[in-house]
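Read the single chain below, which is given as structure tokens and is the form predicted on its own.
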Amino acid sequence: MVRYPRATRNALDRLSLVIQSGSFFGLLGPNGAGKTTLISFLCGQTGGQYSHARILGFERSEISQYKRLIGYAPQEIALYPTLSARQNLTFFARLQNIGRQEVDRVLDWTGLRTRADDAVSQLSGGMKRRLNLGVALLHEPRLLILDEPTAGVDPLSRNFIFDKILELKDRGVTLIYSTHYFEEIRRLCDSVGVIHDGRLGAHGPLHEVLGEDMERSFLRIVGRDEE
């Protein structure tokens, strides 16, 4: 259970969820449903009351031991616009005591080697998204959490991001992918959870939870199928 100060209801309430290691888990829910709070809880940014929580084999209370194993790419572009792509990566790498070779690896992985010395403010929206993702991958996490990673990008950049994160799944990285787009869930995810009013309305294998008509199933789960 998670409740914010002065709130009249719980942001998360009696939520029980199991995500298999190595899976690609899609996280769906209306605005304000609790998706961001769940992500914050998993990353150790938000506390709460819980009877049992294990993340990457560690108890939730052992956050200091597993936090380094998690990568998080937020919906907002969390970059310094006046610094270059390389300078941004170097800054975040130093915060984590990561060597320069990882900066070069991420520049290659994101396809930004030729734009490495350009200020972030000069990059396209898709390039910023790729760099935002690259920051989360500097330390090669075992769990990668993505919050609307394709918001505001063109189809070419979206497909590039899809291909790269599917590469991560093939390497055994566990992915949690928060989105509002059913077509992204259909293309990427093998399991899914639907949050509504801080509770998990349904979760499990993608086609068992949402079937062929994903939008209709989603509206039924969140109680809006008659709107």
Partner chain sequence: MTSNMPAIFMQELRILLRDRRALGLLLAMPLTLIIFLTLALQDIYTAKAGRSIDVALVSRSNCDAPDTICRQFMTELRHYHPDMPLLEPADAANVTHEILLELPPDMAATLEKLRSGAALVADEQIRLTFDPLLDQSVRAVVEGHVALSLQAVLINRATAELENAEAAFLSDIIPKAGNFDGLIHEQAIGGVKLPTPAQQTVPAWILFGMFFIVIPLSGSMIRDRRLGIFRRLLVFPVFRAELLLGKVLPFYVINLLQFGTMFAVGMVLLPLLTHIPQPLDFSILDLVFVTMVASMAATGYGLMVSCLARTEEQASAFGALSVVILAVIGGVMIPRFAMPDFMQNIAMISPFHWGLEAYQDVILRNAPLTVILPKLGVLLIFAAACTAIAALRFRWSEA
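Nothing here was measured: the structure is a model prediction, and the numbers come from that model. Residue numbers count along the first chain shown, from 1.
The protein also exists as the form predicted together with its partner chain; that form is not presented, and the subsequent description refers to it.
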### its partner chain in the predicted complex: contacting segment from 194-202, 179-187, 166-174, 63-71, heavy atom within 4.5 Å
63-71
### Message
Although the partner isn't part of this model, could you tell me whether Pro30 comes within 4.5 Å of its partner chain in the predicted complex, counting any heavy atom of the residue?
### Response
no
### Task
Check whether Leu56 has any heavy atom within 4.5 Å of a heavy atom of its partner chain in the predicted complex, and answer yes or no.
no
### Task
Report whether the minimum heavy atom distance between Ser40 and its partner chain in the predicted complex is within 4.5 Å.
yes
### Task
State yes or no: in the predicted complex, is some non-hydrogen atom of Ala151 no more than 4.5 angstroms from a non-hydrogen atom of its partner chain?
no
### Query
Should the three residues Ser16, Val18 and Phe24 be counted as contacting its partner chain in the predicted complex, with contact defined as a heavy atom within 4.5 Å for each?
no
#### Entry: The single option of Gln101, Thr114, Gln96, Gln122 touching its partner chain in the predicted complex, heavy atom within 4.5 Å
Gln96
### Task
Any residue of 61-90 with a heavy atom within 4.5 Å of its partner chain in the predicted complex counts; write them all down in order.
Ser64, Lys67, Arg68, Ile70, Tyr72, Ala73, Pro74, Glu76, Ile77, Ala78, Leu79, Tyr80, Pro81, Thr82, Leu83, Gln87
